[in-house]
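Consider the single chain below, provided in structure tokens and representing the form predicted on its own.
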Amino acid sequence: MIDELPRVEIRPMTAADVDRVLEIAASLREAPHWARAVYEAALDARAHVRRIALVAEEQGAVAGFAVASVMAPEAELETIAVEARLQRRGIARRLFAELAGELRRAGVRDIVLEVRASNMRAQTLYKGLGFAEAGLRTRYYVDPVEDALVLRLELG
């Protein structure tokens, strides 16, 4: 499936990408709807918490993005999202593969994330990437109120 997207390029997110990233996030009910300042902070190399932010470009347009916070030897996958019309084509897997490589180079051995208990599509992706359930956060999400599954992946 990944070979179907030879024109997809994964690269670091820049300030010029933030408008498109916000559009994609706003169009997806499951994606976190962060303020512009949150994405801009993710790009700040001087920030207290280091973040790795990547985008996937298809035919020169941003099609998806991923953000992880780094607290080596652990990282948190804060978000990964792909434009709805391009989902299920391997873009999220390519984003994650590149992100995992960046995290390994940063000394990360474990990645954790939270996912809505009802978000079966995301859970399928994460479990396909090798994540396993590590816990439950009751009433973690607020709009609507819902539990979060905590998933963990050892990078090895």
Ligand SMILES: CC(C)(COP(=O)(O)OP(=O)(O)OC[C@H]1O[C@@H](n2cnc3c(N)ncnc32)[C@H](O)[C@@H]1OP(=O)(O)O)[C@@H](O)C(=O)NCCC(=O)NCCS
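Throughout, we count residues from 1 along the sequence that is shown. Not measured: the values here are computed from a predicted model.
Beyond what is shown, the protein has a form predicted in complex with the named molecule; the following relates to that form.
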property	result
Heavy atom within 4.5 Å of the named molecule in the predicted complex - the one residue of 105, 36, 121, 109 that qualifies	121
In the predicted complex, the residue from 117, 125, 43, 100 that sits within 4.5 Å of the named molecule by heavy atoms	125
Contact at 11, 13 and 21 by the named molecule in the predicted complex, all three, heavy atom at most 4.5 Å	no
Distance check, residue 93 to the named molecule in the predicted complex, heavy atom within 4.5 Å	yes
4.5 Å heavy atom contact, residue 70 and the named molecule in the predicted complex	no
Partner proximity in the predicted complex: residue 89 to the named molecule, non-hydrogen atom cutoff 4.5 Å	yes
Residues from 27 to 50 in contact with the named molecule (non-hydrogen atom within 4.5 Å) in the predicted complex	28, 30, 31, 32
